[in-house]
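Alright, two takes on the same chain below, each alone as structure tokens: structure 1 and structure 2.
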Structure 1
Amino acid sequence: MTDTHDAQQEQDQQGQHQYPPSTGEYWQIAAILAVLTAVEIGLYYAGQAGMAASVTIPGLIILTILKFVLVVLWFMHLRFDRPVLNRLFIIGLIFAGVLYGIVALITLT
């Protein structure tokens, strides 16, 4: 436990990151998430108003992925975990994306 704490202090001194994040940083992320959500809502209504689905659907997917990554990195503290945990999470995310793509292709054909 002490080794982990010492390692975090050493990283803080080197300027790599601050743990735990300040309240202000959480508010900044919340504001970014709110803006991304507003863009998603606008994109949805633009699609309802006649914007091409080839624009709205990929846009919504990209915004959803961005929001997911922000929530996982900041609010679930994955950003501050050991690199091996980050890699495991990314491998699982890639696997889920590939599986989702395969199911989508099978369903559409």
Structure 2
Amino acid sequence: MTDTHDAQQEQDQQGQHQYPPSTGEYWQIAAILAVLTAVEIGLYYAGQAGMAASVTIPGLIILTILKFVLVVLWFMHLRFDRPVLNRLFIIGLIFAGVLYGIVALITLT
């Protein structure tokens, strides 16, 4: 009984999206991931061929973040899950980013 209740709540919170996503949606996400990876590799070779690093490096970073977010939200179905799980993970991300960022900054300068 609790499960139906939960599913109801999830739907209320998330609007149109329903958990679990259909297998078709999973294939779509995988296809997007594959394309993004291909673009990444393309950017690498473009950089080798002389494209400015001010384009390739931000491009690579953005694509990586996109892939990261897609996997976390869909495959790890965080977008359908309880916000508390979200927070646990995001606190870890923030800690890792900020602390190690400062360490790298101090060590490299």
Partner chain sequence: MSAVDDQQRRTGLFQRPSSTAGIKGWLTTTDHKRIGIMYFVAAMIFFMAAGIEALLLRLQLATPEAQVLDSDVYSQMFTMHGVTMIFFAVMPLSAAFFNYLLPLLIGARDVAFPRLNALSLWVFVSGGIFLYSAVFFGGYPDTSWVNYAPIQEVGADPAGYTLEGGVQSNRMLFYSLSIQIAGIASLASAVNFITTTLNMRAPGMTFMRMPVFAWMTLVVSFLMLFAMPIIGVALWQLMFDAGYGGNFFRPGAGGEPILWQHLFWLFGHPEVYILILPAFGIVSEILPTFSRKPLFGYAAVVFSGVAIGFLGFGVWAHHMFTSGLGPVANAAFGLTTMFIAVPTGIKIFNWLGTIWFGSLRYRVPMLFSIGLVAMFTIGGLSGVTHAIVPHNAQQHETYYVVAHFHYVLFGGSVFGLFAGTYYWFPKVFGRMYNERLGQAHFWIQLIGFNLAFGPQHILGLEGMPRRYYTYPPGMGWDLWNLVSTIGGFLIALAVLLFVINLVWSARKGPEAPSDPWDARTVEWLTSSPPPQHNWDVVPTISARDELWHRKYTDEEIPRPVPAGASSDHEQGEADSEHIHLPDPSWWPLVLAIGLPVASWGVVMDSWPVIGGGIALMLFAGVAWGNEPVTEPEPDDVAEPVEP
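The term rigid core refers to the most C-alpha atoms you can superpose between the two forms while keeping them within 1.5 Å. All figures in this text were calculated on a predicted structure; none of them were measured in a lab. All residue numbers here follow the sequence of structure 1, with the first residue given the number 1.
**Student:** Of structures 1 and 2, select the one representing the form predicted together with the partner chain.
**Tutor:** Answer to the question: structure 2 is the form predicted together with the partner chain, whereas structure 1 comes from elsewhere.
**Student:** With the larger rigid part held fixed, what angle does the smaller part turn through between the two structures, rounded to the nearest degree?
**Tutor:** When the larger parts are aligned, the smaller part is off by a rotation of 6 degrees.
**Student:** If the core is used for the superposition, what shift in Å does the C-alpha of Phe95 show between the two structures?
**Tutor:** C-alpha shift for Phe95: 4.6 Å.
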